[in-house]
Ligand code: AMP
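A lone chain, given as structure tokens: the form predicted on its own.
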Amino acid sequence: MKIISKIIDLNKAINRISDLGFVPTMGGLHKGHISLIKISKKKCKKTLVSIFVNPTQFDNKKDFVSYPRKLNKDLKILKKLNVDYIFLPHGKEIYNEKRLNKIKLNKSQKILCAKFRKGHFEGVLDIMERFVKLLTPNYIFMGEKDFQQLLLVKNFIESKFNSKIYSCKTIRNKNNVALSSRHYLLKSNDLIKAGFIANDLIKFKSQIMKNKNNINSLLKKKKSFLIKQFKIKIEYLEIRNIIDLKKIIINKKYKIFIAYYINKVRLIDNF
């Protein structure tokens, strides 16, 4: 396992690698990240994992400051997994080169998280482009928990580079909660509550399948129920197809998307 922090050392280390898998993370590693890394190791000859809490994708400075940072624990996990390269870049070096063209989402993309987190995905796309230019990976491994992010990055990166986005299934705990680094900020009772919410929405999806003509009414009732039952704040609860995230779901595969707060910690999921 080689730990790299400077771009000049990165260039030397991966210059001759023709089959590189890349797993971008912000640290606070969990079983979801571990799953991505294992898939990369199976599919690619070499795997590089980045740990970088990217400031430009946080629409709230307090959220950036409080984001879980567990570097020593992360490095122990990566060592056990026998990861080839760990990239721990410095922000000033990553953002040394200014963008010529500002990244902008179009109107149809400003939905779900993009509607509530101004500048978030622009920051994600910016850092992903910078990483891809540096690494030129064959594959980038990303989880489906952040499904909107996955689609945006896939469309953006694959339209500009030869790197391919490899979609990986969401990893959940025993209570069906999608694993997230933000779980470090929650108490055990909060995670139990998140499990009840997840299981309720899994059952709700089966209701939707039987009654697609009454979706708006069902969503309104379900949102009201979750708020009252679990004392949570819901940003959105929507049903969209998985191709272009439009609300048209007839003859299309679809998911239920939710973003909510438990004790000021924002969680997202899809089912």
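In this text the structure is predicted, and so the values were computed from the model without any measurement. Residue positions are given as counts along the sequence shown, with the first one as 1.
The form predicted in complex with adenosine monophosphate (AMP) is left out here; the points below concern that form.
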**Message:** Contact with adenosine monophosphate (AMP) in the predicted complex for P89, defined as at least one heavy atom pair within 4.5 Å: yes or no?
**Reply:** no
**Item:** T170, heavy atom within 4.5 angstroms of adenosine monophosphate (AMP) in the predicted complex
**Value:** yes
**Request:** Give a yes/no on whether L186 approaches adenosine monophosphate (AMP) to within 4.5 Å in the predicted complex, heavy atoms considered.
**Result:** no
**Any non-hydrogen atom of H30 within 4.5 angstroms of adenosine monophosphate (AMP) in the predicted complex** = yes
**Prompt:** So which of R117, K145, K154, R130 reaches within 4.5 angstroms of adenosine monophosphate (AMP) in the predicted complex, heavy atom to heavy atom?
**Reply:** K145
**Non-hydrogen atom within 4.5 angstroms of adenosine monophosphate (AMP) in the predicted complex for each of I14, S40 and S163** = no
**Request:** Would you mind picking out the stretch of 77 to 85, 92 to 100, 173 to 181, 195 to 203 that comes within 4.5 angstroms of adenosine monophosphate (AMP) in the predicted complex, counting non-hydrogen atoms?
**Result:** 173 to 181
**Message:** With the partner left out here, which residues of 9 to 27 have a non-hydrogen atom within 4.5 Å of adenosine monophosphate (AMP) in the predicted complex?
**Reply:** P24, T25, M26, G27
